[in-house]
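Coming up is one lone chain in C-alpha cells, specifically the form predicted on its own.
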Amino acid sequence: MSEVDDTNIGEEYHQATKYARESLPCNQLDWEHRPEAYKSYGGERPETRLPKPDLHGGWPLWDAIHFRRSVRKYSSEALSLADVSQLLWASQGVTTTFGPYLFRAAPSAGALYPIETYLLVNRVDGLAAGLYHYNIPQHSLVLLSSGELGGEMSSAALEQKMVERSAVTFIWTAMVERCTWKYGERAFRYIYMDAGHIAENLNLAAVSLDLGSCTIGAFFDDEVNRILGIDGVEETVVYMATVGKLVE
C-alpha cells in the first residue's frame, strides 16, 4: 500500500479499504446479532397507506434516460398520493420476496439495503405538510412531525431554495451497521453506491411521471440529522433529492 498524507482522509480511506488477493478479508458473520433489515416505528405514529404502484405504462426506458435532467424550478402544484407511491416504489419498493427477504427496486451490496428513506412533504394531496418515514414492508408513510419544515431543511441544504419550493424532498440515510456487519470498513463504499442506485431510479421514475427532480449532495450533515431526529453515527444522512411538477 502506498504512503498517504494523513490530512487526506478521503484518499487514506480509499487506499485502506482496497481489496487485494493476498489480503482479502474473510469475515465470520455473527448471524445472531445481524441488524434489523429495515427501520420501524412500531405503529406508534400516524401512518398513511399508499396506493398500489402502477407496474405498467410510463415512458419507454430509453426516452426516460434521454430526457433526464436536473430540474431545480417547480410549479406550485401539488403531487398526488399516487405520484408519491410510484416514486417510492421505483426507488426502494419491494419487487419480490424470498422467505423473509424483501428484494427492492434498486440493487444493494449483499442485499443488505442499508438506506432508509424520509420524505419532507411540502405539497402532496392527501398528506399534511411535514416529515415522514417510508415503511418499506407496508408501503406506507409514517408521520414523524407535522408542519412547514421546508425552510429549515432548505437552510440545512446550504440554502438551496429548491428544497423549500419542491413538492417533496427525498432524504436518504444510512443505517451503517446494517452494512458494516458484513463488509467492515469497506461498507461505506457500498452505502454510497446503494444511495446512487436509488437516486437514479427516482430520477427516471420522475421523468416517466412528467415530474422534475434534482439530487443534492451538499448539506450540513448534522443539521439534517437533527431535523430527522437521528444521531449521525449509527444512522446518518447521505443523499437528498427534490421532486416537483414542471413549470409550464
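Only a predicted model underlies this, so the values are computations on that prediction, with no experimental measurement involved. In this text, residue numbers run from 1 along the sequence as written.
Unshown form predicted in complex with a small molecule; subsequent notes refer to it.
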### Query
Hey, in the predicted complex, does residue 69 get a heavy atom within 4.5 angstroms of the small molecule?
yes
### Query
Using 4.5 Å between non-hydrogen atoms, is residue 112 touching the small molecule in the predicted complex?
no
### Task
Evaluate residue 48 for contact with the small molecule in the predicted complex, applying a 4.5 angstroms cut-off between non-hydrogen atoms, and reply yes or no.
no
### Query
residue 61 near the small molecule in the predicted complex, any heavy atom under 4.5 Å?
no
### Query
Of 160, 117, 86, 122, which one comes within 4.5 Å of the small molecule in the predicted complex, counting heavy atoms only?
160
### Query
If you check 218, 55, 29, 193 against the small molecule in the predicted complex, which one has a heavy atom within 4.5 Å?
218
### Task
Could you tell me which of 169 to 177, 70 to 78, 128 to 136, 145 to 153 sits within 4.5 Å of the small molecule in the predicted complex, going by non-hydrogen atoms?
70 to 78
